[in-house]
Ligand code: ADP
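Let's start with one chain on its own, the form predicted alone, as structure tokens.
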């Protein structure tokens, strides 16, 4: 009998599969295995089973163990195989990196056991006394449903465990183990009345739910995009296939802080469908439990951040991506994928629709949705998106906020605030309305400065300055985490008169406490929201009218609905107007539109005040008109002239090492190899990164530019193996970023 040879993907930086003998284990595709590799034990995934090997059979090792759970199904493997190929990343590392941490460990996957309960065939209800109310309620639930889970029983009574044990003892109820899914509490949430635009969007999507079709749901802030999602998903989830299996849907969100609010909304409206979340704020046990619920089909709705795009879901029928423009969807280390692009490929492979929602779509999505002229018309037609527009706010009488620019040259700021903005804050306090001040910089001040010699506190590990955190009496680097005490005198000249320059959230909060002592002020940034439930608790306080003024970073810029918030003030953003990054304008406009959208979402008029030295800048003109479409079209024209994405395609080779000479040698050798390959790709000379040193590592990069994606991929397929074979490649840390967002 020929030997059974397992082709196994391992979490090692080698782009190939490894052959092992089955060792008598009953192995299946997708199983986790334990193997010996280079003198240590590793977890691997079986991706193929064969009777042949390119290596002598007698030299092959046998696997040490096989775990019987099947983790990676065929569609998931197909998706990950595509990603490993497109992003030129080792398949084994791609596969293992998408698993919950407990599935990457060399031990059985253990999650909390959960049981469901059914009535036995000969259940005698008369054995239960009518006085035992909890038991009677449980029997009613068991009679109305084929099975009831622990989480559903917990909603009936806090003493359910004692009651169910008694019912089991009486042989009225039998228990069996199920995949754990948290139950949603049934509510009497009123379905809002839809406007004409919302009805049209829902009708268009539901007409094509059984085919691959990308949709861009372009709606202004507060236009009811979430309600459109919910009503579409209600219909999709209600359908069953020929085997009676219910559908699953994947809802992607950019950041953790949006998950609780969206989860609550979905649970209240779709309580009949089991829902789980997947994000980094979960414990490892919770993450494993939810992942297994999704991969088994028990969870019908999965709400998660970017890594959730790889979660196995056997009955996936639709993908929704909220705030699709957000940069958080781009992975910046390991396999540098973009969740939007991966979700698009997954939807196409499964032949299902995908909805991308945003008030300020990324230019890549806008390009595909608005019939922009393309050099390759055939390719453009393949990527054609449907465009659904919501131009009005969903709440009746809720208008878009009025946006004004405060010229700081005419109205100088004092302690970061102009008199006009302070007056507007005072007016809101008088009316018992809420305000939000947005400054995208945490800490007290961005710079500690010596007036005598102009010294500023530098980070010794990065090409950056240390940020002043006055309450902790510390200087911190927000890039590498370096911390040190605030010096009592200047290290350069000995001057004791050193001052923090500029403003950040802590200093702004302090200033407001002085100017408006009666105001209840809350600061929202990564420093103040480090507790697991801190943000949820704060949002509850806002909705309960226990806070007058919010001071925050981009954590508050999107997704939140504050009906009593009528004023948004934006502070200290001019630096982004003239950034060397060609995407800076796109990002700034999106950020400002999102934060402006927090104002006036109910029946009270909203106002946005932006402090700037450049009130006539084209970006502010478009913002005041709240005309994203025209602004995006102008940016696309600029990108076409300058030959920037999305009208062309980039790849970025980054390298870093303790000594820049090693970086230079590696990049120059890589450049020589690329230039020797016949190609129509433009390859630029190596240059230093914008941040030349990060975490004590010297950095540089090489940019590649192509008119077509295919041309770029042809070069990379030939270039990457030759680069990996360079002796110097092991002496530097390097990576390839396809479709980079940051330079």
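Predicted model, so just to flag it, every value in this text is computed and none were measured. Numbering follows the first chain given and starts at 1.
One more form of this protein, predicted in complex with this ligand, exists but is not displayed; see below.
A.B. asks: Is the gap between residue 222 and this ligand in the model of the complex 4.5 Å or less for some heavy atom pair?
C.D. replies: Answer yes; at least one heavy atom of residue 222 falls within 4.5 Å of this ligand in the model of the complex.
A.B. asks: Using heavy atoms and a 4.5 Å limit, would one call residue 370 a contact residue for this ligand in the model of the complex?
C.D. replies: Residue-level check for residue 370: no, no contact with this ligand.
A.B. asks: Indicate whether this ligand has at least one heavy atom within 4.5 Å of a heavy atom of residue 314 in the model of the complex.
C.D. replies: No, no contact at 4.5 Å.
A.B. asks: With the cut-off set at 4.5 Å between non-hydrogen atoms, does residue 227 touch this ligand in the model of the complex?
C.D. replies: The answer is yes: residue 227 has a heavy atom within 4.5 Å of this ligand.
A.B. asks: Would you kindly say which of 194, 622, 137, 256 lies with a heavy atom within 4.5 Å of this ligand in the model of the complex?
C.D. replies: Here the answer is residue option 194.
A.B. asks: Work out which of 611, 277, 198, 76 lies within 4.5 Å of this ligand in the model of the complex, going by heavy atoms.
C.D. replies: Contact check passes for 198.
A.B. asks: Exactly one stretch in 611-619, 99-107, 410-418, 214-222 has heavy atoms within 4.5 Å of this ligand in the model of the complex; which is it?
C.D. replies: It is the stretch 214-222.
A.B. asks: For 247-270: residues with a non-hydrogen atom within 4.5 angstroms of this ligand in the model of the complex?
C.D. replies: Stretch hits: a single one, 265.
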